[in-house]
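Taking the form predicted on its own, here's one chain by itself in structure tokens.
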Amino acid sequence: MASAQSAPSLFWRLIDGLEALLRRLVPPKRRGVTGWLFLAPALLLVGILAVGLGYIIEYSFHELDIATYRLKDAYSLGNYQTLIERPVYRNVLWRSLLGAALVTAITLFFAFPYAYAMTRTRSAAMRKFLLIALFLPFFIGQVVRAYGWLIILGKQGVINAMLAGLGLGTLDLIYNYGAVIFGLIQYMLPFAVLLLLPALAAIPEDVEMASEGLGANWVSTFRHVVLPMAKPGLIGAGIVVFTLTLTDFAMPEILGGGTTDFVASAIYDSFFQISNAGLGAALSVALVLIGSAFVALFFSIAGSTTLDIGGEKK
């Protein structure tokens, strides 16, 4: 117990020491600048991203000159017109949005009970097991996991080998839309659970017990008490999973085998396969706008106070 309490104590002593050092080094008139100094790295990173996005937007208004394979100097909306007129890009955008919606819904469906079990289980061993199972995928890169699914789901993979051993025919389990969705769900599940855990841990068990004491069964308690109180976690997890899925590259590229490209794959192909930086930039801008629009839609439906942003404390 003493060692558990000494760590926080040591931490706060270091913070107090740092604060005292800053008081001596920074004159009283300039102490207001200290906060900005701590924010400087984050502001620098955001600034670099903003500059990069500005270049991408500028490139998107220049079409490719087929004769020289360089972007034309003249500004035009030709790249955006191509995105609208060519069915292949409309299909890629629709496939990405549908995939992001499916992955978000299914991931939350599986992540919620997992997070609920972690917060409500009485067994320390079970909680440890669930925690290890949750964090273990983070030690394995996304590409490694994708290739692992190729070994399991491939034509000569584990599942088809078992089916062949039973005298059954092999199945096409990879290089299709279902394989991409499956891989993305497995990849996004830990993110969703981690975002749901604080919301569920903040719900007192006494509230559930009070609901059941008033005559509500477990289903009614879960529907009318737990779900509404976990709304911030659900919205936060949904936004993160949706945006990460919408912009994912590795899973569609590896498990899709080039047959089910998402927007990120189309951007990569535009830049590095057909050397059309203008079209790739236009796709990037479209992806940013679509992702931002859906995040805004989430907040407009759920309300700006869902994540305790600007909300009144009650």
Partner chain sequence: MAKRITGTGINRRTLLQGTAVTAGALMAPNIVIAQEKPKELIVRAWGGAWGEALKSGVADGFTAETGIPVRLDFTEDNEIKPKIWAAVDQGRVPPIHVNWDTTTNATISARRDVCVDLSDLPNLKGLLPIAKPTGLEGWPLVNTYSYVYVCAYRPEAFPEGAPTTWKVLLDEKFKKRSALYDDGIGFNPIAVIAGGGTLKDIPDNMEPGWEFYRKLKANEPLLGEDPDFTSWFQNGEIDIACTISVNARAARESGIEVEWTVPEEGCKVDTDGLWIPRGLPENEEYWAKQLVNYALSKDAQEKWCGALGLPPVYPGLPVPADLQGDPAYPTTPEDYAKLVSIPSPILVDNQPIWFAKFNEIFQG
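Numbering follows the first chain given and starts at 1. Please read these numbers as outputs of a predicted model, since none were measured by experiment.
Below: the form predicted in complex with its partner chain, not depicted.
- The stretch that touches its partner chain in the predicted bound form, counting heavy atoms within 4.5 Å, is 86 to 94, out of 192 to 200, 106 to 114, 86 to 94, 136 to 144.
- The listed set I48, L289, I274, L39 contains one residue whose heavy atoms approach its partner chain in the predicted bound form to within 4.5 Å, identified as I274.
- For the candidate spot formed by L44, T121 and T243, no residue has a non-hydrogen atom within 4.5 angstroms of its partner chain in the predicted bound form.
- With a 4.5 Å cutoff on heavy atoms, M188 does not count as touching its partner chain in the predicted bound form; it lies far away.
- Not displayed here, its partner chain is kept clear of A100 by more than 4.5 Å at the level of heavy atoms in the predicted bound form.
- When its partner chain is considered in the predicted bound form, T260 lines it closely, a heavy atom lying within 4.5 Å.
- Although the partner is absent here, D269 is a contact residue: one of its heavy atoms lies within 4.5 angstroms of its partner chain in the predicted bound form.
- Interface residues of 158 to 179, taken as those with a heavy atom within 4.5 Å of its partner chain in the predicted bound form (partner not displayed): D172, I174, Y175, in sequence order.
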